[in-house]
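Below: one protein chain in two forms, given as structure tokens, structure 1 then structure 2.
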Structure 1
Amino acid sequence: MSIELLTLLFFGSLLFFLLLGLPLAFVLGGVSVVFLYFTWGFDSFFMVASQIWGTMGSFTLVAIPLFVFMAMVLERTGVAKDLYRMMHLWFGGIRGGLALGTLAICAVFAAMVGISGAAVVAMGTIALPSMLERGYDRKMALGVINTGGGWGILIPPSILMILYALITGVSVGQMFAAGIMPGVLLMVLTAIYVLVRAHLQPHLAPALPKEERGTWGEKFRALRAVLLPIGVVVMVLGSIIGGITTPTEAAAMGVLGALISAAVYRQFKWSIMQEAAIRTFKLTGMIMWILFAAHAFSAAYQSMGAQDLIEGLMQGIPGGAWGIIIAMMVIVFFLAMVLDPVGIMLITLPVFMPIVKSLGFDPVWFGILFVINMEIGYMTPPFGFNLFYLKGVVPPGITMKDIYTSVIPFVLIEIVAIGIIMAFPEIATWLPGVFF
């Protein structure tokens, strides 16, 4: 069977069973096993077990339960709530003020984590209830968390960039430096969108009524609420930048910070810790089983000859150099709807890189486009992982349809960002030039 036909069947059955309501992890795993059986035989199932063993042994993933636990503790002890109250008192007068505050926290989170998943779950826990309580439209709130929660792979540190560097041979340091300005660009674009939308449709992100905005005294007293979260951030970022911990170990510093905050709030209780631990277990396990199956899935797809498909697609693309780059972006966009980033990189980069280099483009610049595209992939239906991670933490009333439709404007914003960086490559290439 040709790889084109296999691809259609493979992704088609994935979509079919997903729509029928089987959990994502089992759809990915089950479809992989069936296709492996027909293309490679029974013995190849060993690959599924091997991929799971490999995923269990990925040290960087240890950061997930720790960051999630940190968020759970901050939420349960009331630290997060006070933080939002403070933001509401100060910025509540502005339409969309809380959404902007959430985006700012997302940006800080992105600088603390190098992987995706942890931030979305954490922000979904901390920010979503606070925004909904204050009358925010659910799609606005979900979309903001979805997009902001994905920034972690663009703003250094980023495990995905390290992987890109490893596969393509560009410098990790240059990739990290190159991600900073595009990250800022994304934040600015998203903030502008939120402000404009909230201005035009106040009911989406309502301002706090004048009489509830509080006195200056209240505002300044509320400021105390930022001290602890800032302390946590300083502990995490400080230990990464100061060369005390690796990004993964820094997650433990985050937990330490959260525990200290709990003690300051006199909430350092076993019942709270235990509950936080159990919710962390549930969310981490959900993420991990999706990753187990996703890795098996992309291994199965690669064994079927995915790379031949990409090679075939790259032949006969019209439109010169830019046509080829855009075609690559479109391919990655579609693959990112169904595959995990590691798989996408392994399948496409060996084919893309020689072409990118021979056309005279900067591989670092291309890497930034690629990573933003991955971010989009994390939040595009039907399979975007962040959508599922978020679904794992939302209150029962919120459906997958809400989450799916919430991302549309934010996906468009990121596509605009890619367009801008294509038109002005200096946004990505200027900083690495300064540093190296």
Structure 2
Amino acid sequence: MSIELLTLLFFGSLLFFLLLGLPLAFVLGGVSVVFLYFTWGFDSFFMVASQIWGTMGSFTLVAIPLFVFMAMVLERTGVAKDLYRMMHLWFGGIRGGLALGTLAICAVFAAMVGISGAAVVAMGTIALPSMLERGYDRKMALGVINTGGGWGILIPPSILMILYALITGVSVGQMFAAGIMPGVLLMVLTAIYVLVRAHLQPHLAPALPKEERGTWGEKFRALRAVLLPIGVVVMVLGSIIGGITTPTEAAAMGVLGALISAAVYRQFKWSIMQEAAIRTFKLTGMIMWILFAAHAFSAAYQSMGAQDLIEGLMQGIPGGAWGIIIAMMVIVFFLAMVLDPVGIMLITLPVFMPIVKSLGFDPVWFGILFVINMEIGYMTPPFGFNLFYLKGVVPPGITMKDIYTSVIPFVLIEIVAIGIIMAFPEIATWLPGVFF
């Protein structure tokens, strides 16, 4: 059977079973195992088992349950409420100030938890009603929460970056370092957009009345709210950058910081720890099955010899090497509308990464472009996770249409950021070069 027909059957089978609603990990792993058997025979399973055994022995994997547990604990500590009160007092006096404060809190959460949903749920519960009560345009408020929540997978620590590193073989520490400046770039671009819109259209994001802005004494007392979050960030990122710990060991530091935060906020309770542990077990178990599926997919794909076919197709794309990178970004952009980020990584990275390396591009730089595209996937319809997280906590009057249309300008901002990082790769590669 020709490689073209095998490729068509392989990806067609994946699409068919995914449309039936079956879990991605089992579809990807199951279809890959079937194709392995019929192309290489029973002995090919030993190759998959060998690869999985090597991965399971990776010390890096320990970071995943630790970061997940850290996120689950921090969600319940009350940190978000105090942070919002502080931002309310300090930023509320300017047009768009509450939106800027919400973005800042999302950035802080991103630097603490490493996943997307935590900030979306927290700000959708606390910040959204506050902004709507004070006359903010609902699309502005929804879009700010949606885009800020997605930064959790770009600003380190990031679980998606750990998975990217495991699949591609790049350094987790380099990926973490590479995500800092692009994260800052996105924060600046989004803040500029909010301030410009608020200046040109004051009714979209009005300033708070003077009686709500608080006294200087209240403002300075409210600054205590940032001490614990900054402490957690320093424990995680500071220990990595300072060379005290590896990224995996820093995850354990983050868990310690989360437990200290829970104790300070009097939330160090058996029920909360038990719930966080159970959710961590569930999510970690799913990730392990996904890694199994990734190895089976990679082995099946390579065994069919499809790599040469894909490389040949890519070489036919106009624009040379940059045309190929742009085509990859477009493919990932559209996949992100219908698949979850981990699934996209499993399907595309075994195909894209050899080509990226052969063209001479830095895989860490490409990883940052990839992760930003995954951010866009979290916030774009029809299946963006952040959209559904937000729908679960918004007031009854807000429809799914409101949530869908609110993301349009913020998606454009993310695309502009991708373009800037493509034009100036040093934004993503300079810090890894300094620290590693």
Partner chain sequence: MGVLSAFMKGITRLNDFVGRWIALLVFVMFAFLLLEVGFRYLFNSPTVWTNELTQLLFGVYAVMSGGYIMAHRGHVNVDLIHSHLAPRKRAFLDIITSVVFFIFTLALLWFGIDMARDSMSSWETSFSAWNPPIWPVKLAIPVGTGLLVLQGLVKLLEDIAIAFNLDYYRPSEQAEEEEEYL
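Counting starts at 1 with the first residue of structure 1 and goes up one by one along its sequence. The shown structure was predicted, so the numbers you read here are calculated from the model rather than taken from an experiment. Rigid core (definition): largest C-alpha set, two forms, superposition within 1.5 Å.
* Tell me which of the two, 1 or 2, is the form predicted on its own. => Structure 2, which is the form predicted on its own, differs in this respect from structure 1.
Practice item. Establish whether a shift of 2 Å or more occurs at the C-alpha of F424 between structure 1 and structure 2, with the two forms superposed on the rigid core. Key: Result for F424: no, shift under 2 Å.
Q.
Following rigid core alignment, is the displacement of the H199 C-alpha between structure 1 and structure 2 equal to or greater than 2 angstroms?
A. No; H199 is a residue whose C-alpha shifts by less than 2 Å between structure 1 and structure 2 when the cores are overlaid.
* Under a superposition restricted to the rigid core, does G238 display a Cα displacement of 2 angstroms or more between structure 1 and structure 2? -> The answer is yes, as the C-alpha of G238 shifts between structure 1 and structure 2 by 2 Å or more after core alignment.
query: M87: how big is its Cα shift between structure 1 and structure 2, in Å, with the core superposed?
result: Looking at the C-alpha of M87 between structure 1 and structure 2, the offset is 3.8 Å.
Superpose the two forms on the rigid core, then give the C-alpha shift of K210 between structure 1 and structure 2 in Å. For K210, the alpha-carbon shift amounts to 5.2 Å.
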